[in-house]
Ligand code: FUB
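One chain is shown next in structure tokens, namely the form predicted on its own.
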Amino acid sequence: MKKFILISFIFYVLTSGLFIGLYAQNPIIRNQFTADPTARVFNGKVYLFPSHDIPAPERFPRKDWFCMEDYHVFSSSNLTEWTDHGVIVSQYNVNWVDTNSFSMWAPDCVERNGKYYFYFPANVNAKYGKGFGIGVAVADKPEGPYVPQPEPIKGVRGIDPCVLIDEDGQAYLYYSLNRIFVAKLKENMLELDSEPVVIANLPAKGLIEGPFVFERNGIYYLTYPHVENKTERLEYAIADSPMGPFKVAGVIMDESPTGCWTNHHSIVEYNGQWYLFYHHNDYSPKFDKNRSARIDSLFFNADGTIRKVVPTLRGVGLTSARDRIEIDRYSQISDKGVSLAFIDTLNTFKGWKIRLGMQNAWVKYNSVDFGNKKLKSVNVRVFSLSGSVLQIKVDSADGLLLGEVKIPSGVEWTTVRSRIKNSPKGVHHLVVILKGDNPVEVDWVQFGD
């Protein structure tokens, strides 16, 4: 019954275009899998176009492989709260797609002359031969509705489309099939205007896929996942023109330390800051074909090279002190006495808990906005068999003490409300410290009046 209720709720959320508060933590979409995240800025908002990993149905023969049947689009004006606009394209409403393939992999979307062009790969049906084609769906708004074109783009066989519209108006289609290809697009954005060519001078050893291309200060950046050793890391090459020649310039993100085989990404500037969108198997640590989108800040050096991005749990943006602050998405923890685990291993979308297991163990969560109005209380969702005390501080383990929360002993999770003595204003880091030796598990912290 619990499983049925959960599935019903998720279906309702995914099909209703509801706002989902996610509070600026990685992963950013927390009720479904979202891989290969392409972010684009339209009309002052960030729109996220990921692929959608799902559990393999019975008729899908490869239970150990990627399984994707549709695409959602999400939007945000602050990178912390995301609205799910629901399914925009499904394998079941595209004429040329093999509906037994579940192969709707990494997409892209661009705007031209008031129209939005959504590019997506999928295995073609018998009418169009074999292998992957790349199709286009068109809409009047970034959230859709999208109308798929009746046929895939002629002359293209591959995956992972990315489209760049240069300053002179010429559009380019990049895609991959063991190597990375580029071709010009016609003004209608639906047809090739040149033969595809392989981009030269990229690493010859190991799989290369997932191109994402952008321009900054006259430099064209070709970014891509590459298996140099065992799993994909994110690399980039630079050029003076959209078609190259490109020169390999460096690594954006190293291989996953937990062994997630793929990484796929996009890079976007929003409100003066650059961001890297990428994915990781946070909610599926034992099966890396179920991935989730993340965001971290990205920076450039003075010479235009990209500084390496170190993935975080905290993510980007501010979290309001009045929201549930899930401190398991921490910025920093003490050297000893802290561990992380799922709240429910059978339903990982319930998230994580942090365990403070020894005196003075602490966890820090950066960038909490306490606002300008005085806060008077704090709620903490906790579990402790023997009972204990938590100290709530700001900025550091030696920082201002806001108050102490006495945790009762018990065998179930409980929410404890406590008055606070001090109420800071503005943005601070939140620190939760265990006072005493009795272990405490914490789900979230929330301040109020």
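All residue numbers refer to positions in the sequence shown, first residue = 1. Computed from a prediction, not measured in an experiment: that's the story for all the values here.
What comes next is about the form predicted together with this ligand, which does not appear here.
Contact with this ligand in the predicted bound form, defined as a heavy atom within 4.5 Å, is made by none of R314, V363 and D443. Note on the interface: of 65-73, 376-384, 412-420, 392-400, the segment with non-hydrogen atoms within 4.5 angstroms of this ligand in the predicted bound form is 65-73. Between the options D108, E209, E326, D84, the residue in contact with this ligand in the predicted bound form by a heavy atom within 4.5 angstroms is E209. Of the residues given (T262, S266, T319, N281), T262 alone sits with a heavy atom within 4.5 Å of this ligand in the predicted bound form. In the predicted bound form, D36, S51 are the residues of 28-63 with at least one heavy atom within 4.5 Å of this ligand, listed from first to last.
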